[in-house]
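In the form predicted on its own, a lone chain appears below as structure tokens.
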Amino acid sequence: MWGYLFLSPWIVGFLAFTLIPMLATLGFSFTNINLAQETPLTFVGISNYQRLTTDPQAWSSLAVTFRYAAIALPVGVILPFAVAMLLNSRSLRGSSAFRVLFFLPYVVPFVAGVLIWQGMLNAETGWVNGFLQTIGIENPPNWLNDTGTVYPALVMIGIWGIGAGIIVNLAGLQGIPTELYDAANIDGAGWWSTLRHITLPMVSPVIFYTLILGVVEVLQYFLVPLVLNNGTGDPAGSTLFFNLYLYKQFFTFQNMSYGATLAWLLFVVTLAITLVLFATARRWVYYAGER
């Protein structure tokens, strides 16, 4: 009873703000709620799901999300780990200062950070193109207005906030027993062998954790394109991510039922990918406490 009493704030919050809203959106997806038209509430069965199967904009926005994820997810997993490896190096002086500097952008209000990057990546006045011109690149990219460079630009904006991932990976690296490295040195193992046979297996739970969070975050990618382009999807629809399309159905067109249907599609896709990752984790994730 005492256990449930102390858990009750979380239980009440989970029921009120997660489970009940999820079940409500599932019910909405079988109705015709549209606040803009003020139509009477009726049960429409699976007509919203039928509309979803023939909605090219929904599937193109989902494809946009996957194309971006193919670039952003590997960078978001590998780069924080690589930086954490550097910060964990004994030969690096002032590593504590570097940890603070890497983490500082994470605490900056995200919208303010996006607006700062919008100015830095401006094709004419941004200092990124100014720097490229000083090193001899006469025609630097039009980062945010070219379909060929907008995804790398969005990835750069995301890299600016990897401080939390660096701290998590650094904690995992510092939890590896030093006697494993000592034994490897005695056996004459090189840097690559030590990384492959000690560091990666021992830190694999942290990498798995980062990967799961990265999948969830990239499938819900929303705020940056909303701030940069006001949700228009420019250039040429390349930034109309699925979550942005879902948001527009909810709050621009006020089509609550179809928006709920899109939300459940996103939930199913996210759940399927995470289940696949959990199913494959037993082959590459090592937990020291397991037998």
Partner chain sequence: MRTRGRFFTVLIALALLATACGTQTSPSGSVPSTGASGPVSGGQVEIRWYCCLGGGDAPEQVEVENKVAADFNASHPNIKLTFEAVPYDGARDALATQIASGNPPDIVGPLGIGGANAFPNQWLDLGPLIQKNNYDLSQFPENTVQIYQLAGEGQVGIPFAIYPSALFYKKSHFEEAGLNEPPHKYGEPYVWPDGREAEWNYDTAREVAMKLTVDKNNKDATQDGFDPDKIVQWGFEPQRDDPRQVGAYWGAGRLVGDDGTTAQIPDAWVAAWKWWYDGMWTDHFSMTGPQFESPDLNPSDYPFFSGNVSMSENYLWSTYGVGDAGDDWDLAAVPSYNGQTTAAFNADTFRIMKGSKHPDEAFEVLTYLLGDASQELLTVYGGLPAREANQDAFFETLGDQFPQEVDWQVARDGIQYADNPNFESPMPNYNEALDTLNTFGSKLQSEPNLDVDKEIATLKEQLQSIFDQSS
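Residue numbers count along the first chain shown, from 1. Worth saying up front: this structure is predicted, and the values here are computed from it rather than measured.
In what follows, reference is made to the form predicted together with its partner chain, a form of this protein that is not presented.
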**Report entry** Residues Met22, Thr134 and Ala272 all lining its partner chain in the predicted complex, heavy atom within 4.5 Å
**Finding:** no
Looking in the predicted complex, any heavy atom of Ile11 within 4.5 Å of its partner chain? yes
Please tell me whether any heavy atom belonging to Arg67 falls inside 4.5 Å of a heavy atom of its partner chain, as the geometry stands in the predicted complex. no
message: My question is simply whether Thr232 lines the interface with its partner chain in the predicted complex - judged by any non-hydrogen atom within 4.5 Å.
response: yes
| said: Can you tell me whether Thr147 touches its partner chain? I mean in the predicted complex, with a 4.5 angstroms heavy atom cut-off. | reply: yes
Testing 103-111, 138-146, 89-97, 208-216 against its partner chain in the predicted complex with a 4.5 Å heavy atom criterion leaves exactly one stretch, namely 138-146
When its partner chain is considered in the predicted complex, the residues of 1-34 having a heavy atom within 4.5 Å of it are Met1, Tyr4, Leu5, Ser8, Ile11, Val12, Leu15, Ala16, Ile20, Asn34
